[in-house]
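Quick setup: one chain, the form predicted on its own, written in structure tokens, and binding and motion questions come after.
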Amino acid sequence: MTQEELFKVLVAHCKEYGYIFPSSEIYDGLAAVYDYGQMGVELKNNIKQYWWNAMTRLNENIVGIDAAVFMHPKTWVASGHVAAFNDPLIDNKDSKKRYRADVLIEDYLAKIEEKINKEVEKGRRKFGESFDEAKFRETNPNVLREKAHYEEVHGRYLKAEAANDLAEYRQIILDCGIVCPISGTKNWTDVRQFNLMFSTQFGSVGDEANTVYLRPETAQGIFVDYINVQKTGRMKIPFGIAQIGKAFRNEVVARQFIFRMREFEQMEMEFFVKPGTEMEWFSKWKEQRMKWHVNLGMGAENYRFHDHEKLAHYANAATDIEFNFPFGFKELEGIHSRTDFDLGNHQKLSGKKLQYFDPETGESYVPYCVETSIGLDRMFLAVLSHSYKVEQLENGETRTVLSLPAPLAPVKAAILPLVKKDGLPEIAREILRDLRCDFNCQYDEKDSIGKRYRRQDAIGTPFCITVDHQTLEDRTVTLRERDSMNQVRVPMAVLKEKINEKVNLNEILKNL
């Protein structure tokens, strides 16, 4: 199955099993807007809990807030969003579709990298154990040709970015023969800048004075509340403020499901430090955030750092944690050293003092800030795409399974009476009453036991508990584990303990 085929199957699986639905589907939907279904909202909440607890429980000097979506319009002037929050967009005249010019070029560069990697894999298969990858990359003519082309295009792209040269963006697209994915043509318009913020009217009078924006990021809510949190919480530098919340960007979205949406959710933490120490903290948070991701058990090889060559206007250092999605390595989380740009600008524009007084040194200063920012929807997609598997069984059948990290799984255990008679449903209901205050459980008595197992596999439920006639005799049940499909006989009295060992979120938090 190709990556593109896997992606299509995953989207269909999400809808079939209640993870994600197209928003307003009965009205033919709304582009790039999705609803989380009954399973999706549980997985999403579990991811939030993992992040929130890792930030606020495991760090004495990090607290949380929940700032409003609506903010004073001057907030976005100070942050630079009104003047600089733009994307270079290009239209295809035949398909009438709009794309980000920089993304078209980056996707083209990614395809060159993919060609190089395919050549390397061919060499690996050809030469076996004697294969020297470094030498192969330095000498193979196909690799060298593609590498030279990559460097030439990449160099032009970086210069165009630095100079904000929109004409050069278009010329690169034309020179590389990049076509519209819909029409397959190269009939492109000029590249134009487009501000990504949604605006709306605040209050009942529709004049310009009442124009406000839906926040394009959650970070600014933290910055404008920084002084309130610092004073009321008696926080000492260094300290952090965490927040989970919705953000809105008028993105141009092309075939990437929930990876890039117009309404999305962020998990951000701003860590305030003394100026001059920001690079030390930047390195520490890089290490800590990567550890948080790898701790889920989805394979360290599926993550990598990507340092920014071009920095945002507010940063003096930036890196992305990229994940190997079905469509390749893409940004999952950003770690940025934002200097004092935000607090400094808010202090200037508001006229309010946002300095920190250091009681140990007696000096006052505007703190520098190190930010960790992760897209909750992207994290959801990373977990789901990595977990989706179609397995060939020994009996020749196949099963579809979501091997979700057990603490994140929407349903932790399914209680299944073997038949709907002989007192088995009553005992199953007894087990449900005993477990449901500790775990999200499902009760299912419809269809054969095999079909019920497959349904729970597709949902991603770590454990199935089967109540049968032996249960009537000795109060033992069959406990089936999702990934291995192993079945063991256990007393009803130890079910809570057995399940808790695998699904308790605190157990993985202890590893951080």
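All of these numbers come straight from a predicted model, not from anything done at the bench. Note that residue numbering follows the sequence shown and begins at 1.
The next section is about a form of this same protein that is not shown, the form predicted in complex with a small molecule.
K.L.:
Among 334, 407, 425, 245, which has any heavy atom within 4.5 Å of the small molecule in the predicted bound form?
P.N.:
Result of the distance check: 334.
K.L.:
So which of 326, 375, 240, 221 gets a non-hydrogen atom within 4.5 Å of the small molecule in the predicted bound form?
P.N.:
In short, 375.
K.L.:
Heavy atoms within 4.5 Å of the small molecule in the predicted bound form: does residue 249 have any?
P.N.:
Residue 249: yes, in contact with the small molecule in the predicted bound form.
K.L.:
Given that the small molecule is not shown alongside this chain, does residue 260 nevertheless sit within 4.5 Å of it in the predicted bound form, heavy atom to heavy atom?
P.N.:
Close contact exists here: in the predicted bound form, residue 260 approaches the small molecule to within 4.5 Å, heavy atoms only.
K.L.:
Even though the small molecule is not shown here, does residue 264 get within 4.5 Å of it in the predicted bound form, heavy atoms only?
P.N.:
Residue-level check for residue 264: yes, a contact with the small molecule.
K.L.:
If contact means a heavy atom within 4.5 Å, which one of 398-406, 160-168, 334-342, 289-297 is the stretch that engages the small molecule in the predicted bound form?
P.N.:
It is the stretch 334-342.
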